[in-house]
Ligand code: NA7
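The chain below stands alone and is given in structure tokens; this is the form predicted alone.
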Amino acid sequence: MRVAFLGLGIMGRPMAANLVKAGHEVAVWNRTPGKEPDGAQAASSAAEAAREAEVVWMCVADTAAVEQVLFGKSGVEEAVASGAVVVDSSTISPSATVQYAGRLRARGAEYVDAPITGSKLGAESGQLIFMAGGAEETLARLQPLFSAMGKAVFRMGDVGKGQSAKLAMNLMIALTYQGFAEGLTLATKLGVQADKLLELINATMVRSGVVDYKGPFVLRRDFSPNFPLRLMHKDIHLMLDAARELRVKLPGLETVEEIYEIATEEGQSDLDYAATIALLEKWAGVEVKGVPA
């Protein structure tokens, strides 16, 4: 298929590379040039990449970035062909997603929101999971591209429902990790070795995918960004905004957002979100240490 891929960040670049490896004709554009994967054709603008494309796929930072890529100067709207499909794998506002889909339908293009989970390693290995909002027949048309980049696609409903599901998923990730970080910090203060606690966690019902993945990084003190804190913080704001729109109370998340606010003030934005444990350690006067299994 002829694909335009817009956004070559931590997730987008390996996603585009996997499309190339699968034999698709891929034109790419990124706000900062020079990140093009081998075999992809570089474009000078989002509009240039989107011209003649059957599918325009985006993976950019936030709602404002998606709006700019779609509707800004030299944006997708200027060039997208009637009958093309625009897919957004960014994590953005569900209500904005519905608005953007309406504008592009007026030009004859279909729209799918397909945010992702699986982190950097999943993007590189083609093992992402997509949660999609859109028509069933449109998702079927996109299946060869989903298969090149991921291992599963879950249709959550109409346009906007993929983003809604992603916010719920990331809410649970943020709360689960924060509970894990607080438990580790308290255990360390009480004299329990962190690696011993992790062994216990993994043998009980407390075990989770979040702990399985993040635990070894914490024990190694490796906070290099698989999922940057600034992006999780952005997603937390999206969750709270959606909750306010619908008059939903999220007291646990409101408390976690305060942690992220302080972590941001202390310069941790570009570290992995797991670095929030460093604040807890600072306040407790300890450092969580251990030897990962």
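Sequential numbering from 1, following the sequence displayed. Predicted, not measured: the structure shown is a model, and the values here were computed from it.
There is also a form predicted together with this ligand; it is not shown, and the following applies to it.
Asks: Thinking of this ligand in the predicted complex, which stretch from 47-55, 66-74, 247-255, 261-269 has heavy atoms inside 4.5 Å of it?
Replies: Among the listed stretches, the partner-contacting one is 66-74.
Asks: At the 4.5 Å heavy atom threshold, is Thr91 in contact with this ligand in the predicted complex?
Replies: Judged by the heavy-atom cut-off of 4.5 Å, Thr91 is in contact with this ligand in the predicted complex.
Asks: Any chance His237 has a heavy atom within 4.5 Å of this ligand in the predicted complex?
Replies: No, His237 is distant from the partner.
Asks: In the predicted complex, is there a heavy atom of this ligand that lies within 4.5 Å of any heavy atom of Ala22, even though the partner is absent here?
Replies: No, Ala22 sits far enough from this ligand in the predicted complex that none of its heavy atoms falls within 4.5 Å.
Asks: Spell out, yes or no, whether the shortest heavy atom distance between Ala275 and this ligand in the predicted complex is within 4.5 Å.
Replies: Heavy-atom contact with this ligand at 4.5 Å: absent for Ala275.
Asks: Ala194, Gly215 and Arg220: each with a heavy atom within 4.5 Å of this ligand in the predicted complex?
Replies: No, the candidate spot makes no contact with this ligand.
Asks: Scan 43-61 and note down the residues that get a heavy atom within 4.5 Å of this ligand in the predicted complex; none is a fine answer too.
Replies: Result: Cys59, Val60, Ala61.
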